[in-house]
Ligand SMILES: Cc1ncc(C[n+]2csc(CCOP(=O)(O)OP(=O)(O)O)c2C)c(N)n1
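Have a look below at one chain only, the form predicted on its own, in structure tokens format.
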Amino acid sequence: MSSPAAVSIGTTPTGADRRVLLSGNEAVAQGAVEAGITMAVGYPGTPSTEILESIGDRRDIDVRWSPNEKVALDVALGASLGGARALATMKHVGLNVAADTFMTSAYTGVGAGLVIITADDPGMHSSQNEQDNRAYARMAGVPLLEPSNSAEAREFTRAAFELSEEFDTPVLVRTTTRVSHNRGLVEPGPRGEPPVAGFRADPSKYVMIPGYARARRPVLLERLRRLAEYADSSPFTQEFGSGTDFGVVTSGISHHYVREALPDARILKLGMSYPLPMERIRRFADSVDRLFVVEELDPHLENDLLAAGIAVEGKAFFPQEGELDPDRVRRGFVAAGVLEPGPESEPPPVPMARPPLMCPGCPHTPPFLALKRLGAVVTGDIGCYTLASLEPLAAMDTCVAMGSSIGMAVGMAASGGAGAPVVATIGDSTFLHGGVQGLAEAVYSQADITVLILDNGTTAMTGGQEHPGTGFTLDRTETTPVDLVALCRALGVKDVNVVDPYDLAATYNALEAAMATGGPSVVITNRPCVESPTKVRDRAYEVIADACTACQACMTIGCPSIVWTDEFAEGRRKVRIDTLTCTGCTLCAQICTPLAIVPVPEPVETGHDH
């Protein structure tokens, strides 16, 4: 068999084997391109980020990052009502932010097709919770599709736009981390070009004042009834295997785990998991002696089947927390008595546990060193800097959700129970995503807090994406950047200071002065991320072994470039610096009291050509 072709998203390969190897995210992008989208918009969040990046270089699609997920869905809905197919992408917690628009868009319906991607994260690989967003489909009353691999990610996304237009509804497509990031063979099709129909004014449909919204509720319920009928005969539902001893109802990535654990099992795979193809499930249930549901996280399918009077077993054998895998599924069926116990596969050995640390030279490290020494209570936020909660920095006390840090700091200070100055820490992208309103609250209530905005000029945690403060759009078109200093002052903050975080003394003094100021104050650090969009490297530093006293002060910054040696002084281990990874930020040299950390000598010019 020939190797799968390499192809840009949205192009059609030629040759005998037209298949290409795509990640689930790339396949979603491919399906959207084939569906003829005009607009693709979202906010970066793992595991969804690469969807928009995969089509960011196209000139026939308006691809953009928005300040947050609600704005992204607002833009996508507006494009849809204007008659253009639109895609909105976000991770699972992003749908929480977009929920206000999402819930009411089910009432208004759409113009052209509108598809929302929710990329869930079972196992919390890069998230603060593992909520199961299948609940949103039921709550809003919109159809939910769940692809199980890259081929289906492309196919389901493309079909979702047709479904959206046929039933006049937004469609939710749920992926998970494994579907988003695993790669599989996909056969791309050509780019679709549906016409932009234009906006058709209809206040009774699109203006959701109570009088109009009441009339839309019966429309939504009738739509769900028709969708349920459609689900029973739709191609999204597939049956595999044979036998009558037991059957399995499953969806998404769990389908593959079941197939691997029980290759010959009788399986009903649901591609549309809301509304359910209930009559088809009943027929399947009647054909087997026992019925199981295998699903990650919450018992959505199980509860729906039980509520419909279908006898089914599920979470008694399969865990409700974390990711499933073939071994966990196999153990569940052993516990249920349908499989004989067998040898357990051993996970590969991990040579040495490595705690997560911020990158060498990260400009977020110095402010947290200062906050720790100042004894502040620190309400943190979502970003790379959340790692400051871990040793050796251990300088962050709370972290809940995007943009929560400032409001939580206001409440913490108002409680009177903090026992120390309260500082909210937040990144530039997160501040523009959800922190601005918190700062407005701090000014409005004249909260005695300091807000530390860690401005590194990018959305670093998800790979260096653009945002309204960077001065560039997703396709690197130059635009007007938000001026954080002017914005803070416009909100009413009188004490706003900018500091270079690589100057540890200046950073300490700026924070100490801000914390002593009555009312709200803001300190902004202003060094770029050392890893994105381009790597920042300066002259590396090294340790003079004979001068090192093993005081180990440099180890308190948690820099991965500083490592232990086999040498000791007074019973303490000495250190060295890995000059290949050192960025030359100078922080370790600033805190080295023996002055044992110095720049690597410049190479000697020999005058010879090489």
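Keep in mind that this is a model prediction, so the values were computed, not measured. The first residue of the shown sequence is 1; numbering continues from there.
Heads up, the form predicted together with the ligand isn't pictured, but that's what we're talking about next.
Would you say all of Gly24, Thr175 and Thr177 touch the ligand in the model of the complex, counting a heavy atom within 4.5 Å as a touch?
Answer is no for this spot.
Just to be sure I understand the contacts: of Leu393, Val97, Val499, Ala112, which is the one whose heavy atoms reach within 4.5 angstroms of the ligand in the model of the complex?
Only one listed residue qualifies here, and that residue is Val97.
If you check Cys384, Val377, Val536, Met278 against the ligand in the model of the complex, which one has a heavy atom within 4.5 Å?
Checked against the cut-off, the match is Cys384.
Given that the partner is absent here, state which listed stretch (327-335, 243-251, 313-321, 85-93) has heavy atoms within 4.5 Å of the ligand in the model of the complex.
The contacting stretch here is 85-93.
Would you please decide whether Asp428 lies within 4.5 angstroms of the ligand in the model of the complex, comparing each non-hydrogen atom pair?
Although the ligand is absent here, Asp428 would touch it in the model of the complex, with heavy atoms inside 4.5 Å.
Could you tell me if Ser521 has a non-hydrogen atom within 4.5 Å of the ligand in the model of the complex?
Ser521: no contact with the ligand in the model of the complex.
Would Met461 count as touching the ligand in the model of the complex under a 4.5 Å heavy atom rule?
Within the cut-off, so yes.
Any chance Asn303 has a heavy atom within 4.5 Å of the ligand in the model of the complex?
Close contact is absent here: in the model of the complex, Asn303 is far from the ligand, nothing within 4.5 Å, heavy atoms only.
If we check the ligand in the model of the complex, which of the residues in 287-316 reach within 4.5 angstroms of it by a non-hydrogen atom?
Stretch hits: zero.
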